[in-house]
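So this first bit is one chain, no partners, the form predicted alone, shown in structure tokens.
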């Protein structure tokens, strides 16, 4: 059996691979099909119905995220099918009737974006009466990192599926039934009282901003620069993006996000340290100038050259007097990977001791 074949999407011939879905083929070809519940890291669910397409020979519209591409298949998206576009117009309107809207009548924007808002702008929405959906959050959830706004939730289940399929933690799930369905925990406990690892993956995968970081500003500055770097909290080498913006005239890291899934070694995932432990960067107690303790017993600000010379002479005196095993080196996961490497090299190559440790090892 050939590994490749062709299908038609909106009249364009597209090369498909065995096992690919229609949505995967469309994305590779640059054909936009809206979706709310799809995440490359998760098994297809077909829950949001946003990606329905018309396929020749099929009486009903089919979810492109779960429908396998087949040789000779003819697919029509909303770009070429009035039937699909009509479906999307009605579907977006139904979602909006059960969603927090802004003064323009559009789904509200959030610091994490809102895919439903972007989709609504491309549709001819209907004016439907608001739906009374008494979904609830977790009252009194004192976890320091993750906030849940049930009024922005579209029940796509990406967060619960991520918690199950990627993290294998199952801290959150869909609870209750009908219009009362919400994202809950066992006994509606706060996340700190569950198996949650506070990795923030649910925040990362949420398409509407119903799950956001408590630490980041409620409104992000317009100019935000993403700086790719390597997390130093362990040796895996996860890539992450520092979101840098000017706050009160100074450039600050306002939050940390993960790269697009499938592009880096961590596949868009981060742990609680990588995603949330960045307060030290701008902490008021952080030492920004080198200091040494002089004869008066007090710490004094000195130049880097003086501080490095002072430390080197002290270490050499200790090693000469008591041997290399009397000297130890402790580094930090808050230093760069290069700095931690040099600390290990200084201990092993210069002072000939294995007494070197980092907080990342704990």
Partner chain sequence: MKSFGAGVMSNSIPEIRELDFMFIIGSNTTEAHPIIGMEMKIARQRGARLVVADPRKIWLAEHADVHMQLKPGSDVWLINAMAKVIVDEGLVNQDFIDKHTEGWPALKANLEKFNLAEAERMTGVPAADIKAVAVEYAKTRKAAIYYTLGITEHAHGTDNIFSLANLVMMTGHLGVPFGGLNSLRGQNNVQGATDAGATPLYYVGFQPAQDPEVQKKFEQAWATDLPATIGKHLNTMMKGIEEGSMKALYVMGEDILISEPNTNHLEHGVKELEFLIHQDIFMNETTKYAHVVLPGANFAEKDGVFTNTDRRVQRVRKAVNPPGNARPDWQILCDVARAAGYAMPHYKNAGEIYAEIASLAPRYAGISHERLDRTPMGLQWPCTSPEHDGTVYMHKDGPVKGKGSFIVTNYRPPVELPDEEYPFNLATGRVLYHYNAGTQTRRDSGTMAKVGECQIEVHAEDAARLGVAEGDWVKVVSRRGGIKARVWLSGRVQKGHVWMPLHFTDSAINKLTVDVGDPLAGTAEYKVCAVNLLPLKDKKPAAAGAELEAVRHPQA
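Small disclaimer: the values here were computed from a predicted structure and weren't measured. Whichever C-alpha set is largest while still superposing within 1.5 Å between the two forms counts as the rigid core. Residue numbers count along the first chain shown, from 1.
This protein has a second form, the form predicted together with the partner chain, left out of what is shown; the following refers to that one.
Think of it this way: in the predicted complex, the partner chain has a heavy atom of just one of 181, 264, 79, 93 within 4.5 Å, and the residue is 264.
Among the residues 118, 198, 220, 123, the one placing a heavy atom within 4.5 Å of the partner chain in the predicted complex is 198. Though the partner is left out of this view, residue 103 does not reach within 4.5 Å of the partner chain in the predicted complex, counting heavy atoms only.
Looking at residue 83, you'd find every heavy atom of it more than 4.5 angstroms from the partner chain in the predicted complex. Remark: residue 290 counts among the residues lining the partner chain in the predicted complex, judged by a heavy atom distance of 4.5 Å or less. Although the partner is absent from this view, residue 337 contacts the partner chain in the predicted complex, with a non-hydrogen atom inside 4.5 angstroms. The candidate spot formed by 44, 68 and 108 lies out of contact with the partner chain in the predicted complex, as no residue has a heavy atom within 4.5 Å of it. Exactly one of the stretches 172-180, 109-117, 85-93, 267-275 approaches the partner chain in the predicted complex with heavy atoms within 4.5 Å, and it is 267-275. If you take 128-166 and check each residue for a heavy atom within 4.5 Å of the partner chain in the predicted complex, you get 144, 145, 162, 164, 165, 166, in sequence order. Comparing the forms between the shown form and the other one on their rigid core, the Cα displacement of residue 43 stays under 2 Å. When the rigid core is held fixed, the Cα atom of residue 348 travels 2 angstroms or more between the shown form and the other one. Once you line up the core between the shown form and the other one, the Cα of residue 61 stays within less than 2 Å of where it was.
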